[in-house]
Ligand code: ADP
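Below, in structure tokens: the form predicted alone, a single chain.
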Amino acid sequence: MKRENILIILSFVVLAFFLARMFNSGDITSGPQRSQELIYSDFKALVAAGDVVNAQIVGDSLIEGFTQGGLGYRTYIPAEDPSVIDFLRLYQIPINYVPEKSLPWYLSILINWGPFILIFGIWMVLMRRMQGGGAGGGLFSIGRSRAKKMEPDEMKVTFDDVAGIEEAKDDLRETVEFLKDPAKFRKLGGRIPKGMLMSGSPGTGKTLLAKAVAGEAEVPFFSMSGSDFVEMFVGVGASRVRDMFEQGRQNAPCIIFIDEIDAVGGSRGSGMGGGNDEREQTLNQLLVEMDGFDGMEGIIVIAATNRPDVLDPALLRPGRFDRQVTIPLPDVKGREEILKIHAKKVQMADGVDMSIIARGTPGFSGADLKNLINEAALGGARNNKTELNLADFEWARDKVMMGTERRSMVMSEKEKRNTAYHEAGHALVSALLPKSDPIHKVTIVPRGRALGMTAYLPEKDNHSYDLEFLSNRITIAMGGRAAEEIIFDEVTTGASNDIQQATDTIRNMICRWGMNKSFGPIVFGSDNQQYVLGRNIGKDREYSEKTASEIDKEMRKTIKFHDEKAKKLLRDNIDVLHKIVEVLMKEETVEGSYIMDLLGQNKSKVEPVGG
């Protein structure tokens, strides 16, 4: 507990003690422990009735003693009745004289003024905390920046800890050189860039890259989130921006990192509060600080966002964010490098080929891959392993992609066989078609919402697709439903995701990619979305009702063609389909190499399709 908090608690305890003593009816000097206050006239009536046993006169004003019932009493002698002694002697009451005890002057001051002094002291401590004197700041420090400062010796992250985004690292290496040797660039008339905006999908390493820049440049690093600027009080955000840049000037050269800048840097005029709301005032101050009359020499602002499209144009212009660095999802080589970096922290068996895991994780971000390694380590620990092998990483990949195995799920024999034919249909159609990803494995172990899965192991990442590849992908998607219909002469709801994938692909081929012969190279509808209160309510349709009808007709025709094509492939290889299902029913998982051996192909067949 903090020292100031302990002081406040002790002060309240002492104050409560003094208040209790102050309001206590017992005498602090002497006398009976159990006593009652008597009015002087009542006291005289008790004496006259013979109920008073004795009387002790304390000083000149107090009488105390006991009554016949053993109850103590006390009463004060009025100044106008000096004959009380004679009155007591008249009724033969034993009298004892005791001089009044007086407290030392310092105790008297402490008793009388102590509570007020304590209250004043507690008030001073609380005010000091409210004014920002304490570690946590307070009411009057609300306009101060909440940026966390890290000194160069605290920054342990370097470019060696960042992998998979080499082009972005190259852009930021120049920033490091600017900070280390600005004179080198000023000789040719260049100037240090004022800001760099990093944009990319969540988990791609934007924050890690900013820390690496600070670690390489060996300069102070100020970190703050965009949401930390805005409070309920008007003007707080702008004040925090000013304070943050003031701290930056005092520590220049330095780096100021603003994470999730879209929380404060969104386009002005798009909010519900008009053009003068608190967020816009904060943005205006940020614009002034980054490119106002007051230069910020030696300060480089690095910002990160997942939504560069919503940022205000004034924030993106040269002179503020001079460079915009896109942080993409890592490719297969980048994923392998990221896996190797994170795998250094776990105990691995010899000969584990991370390239296999990298090939099987297309679309994974750096954060996803870090989580995969961690899941493998946790799974290995649960199984009391001393080191991790390739099977542990593949198990972790499947868990991250599809969810935890649901081995406790009870499936009927019919449902299990139906799932086996569904997944075998995907796998067999994929193995028979050219220009398709190699099959990695087929399993009917339920994971997440899926009852089974057909996994592929791409040999490389594809950035664009031709007509044949997309057509084959549609046929593969329809393979599971086609197998069910051929074997059981019925279909189930398990193919809903496959139908959705096939429908979306066909619609994009017709409306966006110009891959349909009937319509040709034309785009139907734009990517402009309609938003109401931040919610996407769809697109404007930019074509006629007749064209929409023709598109629907072409989509039905195309998906029917691929469904028939999948059925023909399966009927022509029905024996192989049955063999795959037999193994699945016994072992629940079939390797892709087994399927290729059944087909007699020497084709090692990569992202799940089945569901």
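Quantities reported herein were computed from a predicted structural model and do not represent experimental measurements. One rule holds for the numbers: they count along the sequence shown, beginning at 1. Throughout, rigid core stands for the largest set of C-alpha atoms superposing within 1.5 Å between the two forms.
A second form of this protein, the form predicted in complex with the named molecule, is not displayed here; the remarks below concern that form.
- Out of the listed residues Met515, Leu208, Val230, Val523, Leu208 is the one that sits within 4.5 Å of the named molecule in the predicted complex by at least one heavy atom.
- Contact annotation: of the candidates Ala455, Ala163, Cys254, Ala212, the single residue with a non-hydrogen atom within 4.5 angstroms of the named molecule in the predicted complex is Ala163.
- Across the options 420-428, 506-514, 197-205, 69-77, residues that bring heavy atoms within 4.5 Å of the named molecule in the predicted complex belong to 197-205.
- Contact annotation for Ile444: none of its heavy atoms lies within 4.5 Å of the named molecule in the predicted complex.
- None of the heavy atoms of Lys333 is located within 4.5 Å of the named molecule in the predicted complex.
- Among residues of the shown chain, Gly480 is not one whose heavy atoms approach the named molecule to within 4.5 Å in the predicted complex.
- Put simply, Arg323 is far from the named molecule in the predicted complex: not one heavy atom of it is within 4.5 Å.
- The partner is not shown here, and in the predicted complex the stretch 546-579 never reaches within 4.5 angstroms of the named molecule through any heavy atom.
- Once you line up the core between this form and the one not shown, the Cα of Phe221 ends up 2 Å or more from where it was.
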